[in-house]
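To begin, one chain is listed below as structure tokens, in the form predicted alone.
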Amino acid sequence: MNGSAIIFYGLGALTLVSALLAVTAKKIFRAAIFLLFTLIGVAGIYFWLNYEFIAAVQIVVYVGGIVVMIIFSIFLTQQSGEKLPSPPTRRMVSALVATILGFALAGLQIWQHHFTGDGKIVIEPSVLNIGKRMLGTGDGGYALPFEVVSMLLLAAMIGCIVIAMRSNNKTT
């Protein structure tokens, strides 16, 4: 096993263990911190694949934006120390069965698919090409999805403010 494989398996383990801990954490603040480590692990995998721009976007948008907004929302609602209720055993078994079936179905689809090239020219993943795609409004452009994501973040921020204002009014 070479160093590259060790780095990949280390980042994969960090991502999977952090994701599992984020889902099973009893305190909401700890779940948000484990989500932060999960997203950092995904960014590390992007760096390992030499997609530096996508890794930087992962860190800035998800780690720097969404997770920080979640943590601020937790602190604004003053529920950072509360324990989350334990889910019923029936729900846990259902989630486990759904996960196993999902992995089995995905594995079956991958195993049955014959991967062939489509003959299209591969675009070099440079900052210039990614920028042209991000700002493009034509075929293959991502300006519309980018605006939809920005409206989603705006709605999430407004929701955080409304929740914080509602909880502050109840305490006074």
Partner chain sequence: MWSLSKISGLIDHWLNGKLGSGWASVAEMVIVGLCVIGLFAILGLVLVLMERKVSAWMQIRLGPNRVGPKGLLQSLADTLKLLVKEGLTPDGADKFLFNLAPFVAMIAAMLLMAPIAFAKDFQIWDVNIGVLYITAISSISVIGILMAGWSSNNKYSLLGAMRSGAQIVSYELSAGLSILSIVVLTGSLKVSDIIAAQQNGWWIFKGHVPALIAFVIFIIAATAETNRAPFDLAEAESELTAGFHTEYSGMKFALFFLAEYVNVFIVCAIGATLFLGGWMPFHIGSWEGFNHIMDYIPSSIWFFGKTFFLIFLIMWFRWTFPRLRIDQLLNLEWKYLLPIGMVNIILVTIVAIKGWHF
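Numbering follows the first chain given and starts at 1. None of the values given here were measured: they were computed from a predicted structure. In this text, rigid core is short for the largest set of C-alphas that superpose within 1.5 Å between two forms.
FYI, the form predicted in complex with its partner chain isn't displayed, but the following is about it.
Is G64 close enough to its partner chain in the predicted complex to count, meaning some heavy atom within 4.5 Å?
Yes - in the predicted complex, heavy atoms of G64 and its partner chain come within 4.5 Å of each other.
Is it the case that K132, even though its partner is missing from this view, gets within 4.5 Å of its partner chain in the predicted complex, heavy atoms only?
Close contact is absent here: in the predicted complex, K132 is far from its partner chain, nothing within 4.5 Å, heavy atoms only.
E52 near its partner chain in the predicted complex, any heavy atom under 4.5 Å?
So E52 counts as contacting its partner chain.
Can you tell me whether L108 touches its partner chain? I mean in the predicted complex, with a 4.5 angstroms heavy atom cut-off.
No.
Relative to its partner chain in the predicted complex, which residues of 6-27 have a heavy atom no more than 4.5 Å away?
Residue within 4.5 Å: K27 only.
Would the C-alpha of V17 be classed as shifted by 2 Å or more between this form and the one not shown after rigid-core alignment?
Comparing forms between this form and the one not shown, the V17 CA shifts below 2 Å.
Once the core is aligned, does G65 move its Cα by at least 2 Å between this form and the one not shown?
No, G65 moves less than 2 Å.
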